[in-house]
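The data below hold one chain only, encoded as structure tokens and taken in the form predicted on its own.
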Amino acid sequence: MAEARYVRRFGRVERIQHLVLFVTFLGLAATGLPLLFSDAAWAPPLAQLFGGFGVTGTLHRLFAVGLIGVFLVHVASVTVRVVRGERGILWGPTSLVPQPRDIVELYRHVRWFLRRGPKPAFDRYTYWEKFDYLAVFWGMVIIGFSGLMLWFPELFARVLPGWVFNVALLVHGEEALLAVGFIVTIHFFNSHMRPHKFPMDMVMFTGVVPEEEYARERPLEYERLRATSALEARLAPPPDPDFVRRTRLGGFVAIAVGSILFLLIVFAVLSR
């Protein structure tokens, strides 16, 4: 029996950026929620796990530095690729920028859910993956900027009126809750909880996916790679089983932490 072939979907740099992103995001959620819901019964014990509310606030800022750092590195790398004239970054089938065809795919996908039509054929990125990607930019603009205002009020007060900081405090907390809720419910489901992915999609950790699965899930890109003889260059060795086991354990921990934090949010909101 021939050994299954694997196709490389994500490179090392992309996977490292994703790792830093989700670690800092969970860190921000775990340290920010007890500060936001300091009057909730679970907030003091959770803050005490980090060494108290003072240490929790410091850790929250450190995680923010990590998240802003990886975001700026990513934006810089994309900018360099655009300046160099790399094709397919801002438009086309390999771009993460939403395009009219994504609306068509969404419509066809809904029809498929309702058993009114065939499942649409997806390319390198699906419409929900593009939404996840752009949500990071939205979050960095809204949550990141408001967080910096609250961190350095004296600096921003030189050019902004005082009432803006009250708005920043409200926006920072509400948008953070929305981000945690979205990641735990929508992103976790799309990435790991779908029937054919459960219990976990390992592609963002290993970078590779079985060729048969890739041809089934990304038929448009797979056929394009075959037609241009580029598929052979994308073939990769199978992932190391020990690495898969370790990363799957880490992924389960991340999903568990995110789910617990989401339940704490629900409990705090319903208790008020």
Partner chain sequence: MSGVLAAPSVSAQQPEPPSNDTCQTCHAEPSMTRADGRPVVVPPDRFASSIHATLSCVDCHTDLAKTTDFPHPERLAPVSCAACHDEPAAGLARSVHGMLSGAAALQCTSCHGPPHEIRPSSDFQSRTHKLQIAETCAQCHSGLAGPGARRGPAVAPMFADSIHAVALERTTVAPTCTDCHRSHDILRKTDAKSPVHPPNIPATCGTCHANQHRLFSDSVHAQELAGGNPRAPQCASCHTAHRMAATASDQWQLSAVEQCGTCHREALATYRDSFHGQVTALGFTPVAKCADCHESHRVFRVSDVRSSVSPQNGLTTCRTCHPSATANFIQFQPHANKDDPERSPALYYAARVMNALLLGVFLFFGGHTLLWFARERLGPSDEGERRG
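Positions refer to the first chain, counted from 1. Everything numeric here is computed off the predicted structure, so don't read it as measured data.
There is another form of this protein, the form predicted together with the partner chain, and it is not shown here; the text below is about that form.
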query: Of 96-104, 183-191, 80-88, 67-75, which is the one stretch near the partner chain in the predicted bound form, taking non-hydrogen atoms within 4.5 angstroms as near?
result: 183-191
- request: Would you please decide whether R224 lies within 4.5 angstroms of the partner chain in the predicted bound form, comparing each non-hydrogen atom pair?
  value: no
query: So, in the predicted bound form, is K119 in contact with the partner chain at a 4.5 angstroms heavy atom limit?
result: yes
query: Does the partner chain come within 4.5 Å of any heavy atom of P161 in the predicted bound form?
result: yes
4.5 Å heavy atom contact, M202 and the partner chain in the predicted bound form: no
statement: Answer key, the partner chain contact in the predicted bound form at 4.5 Å (heavy atoms) among L134, M140, A157, L148: the residue is A157
message: With the partner left out here, which residues of 164-183 have a non-hydrogen atom within 4.5 Å of the partner chain in the predicted bound form?
response: F165, N166, V167, L169, L170, V171, E174, E175, L177, L178, G181, F182
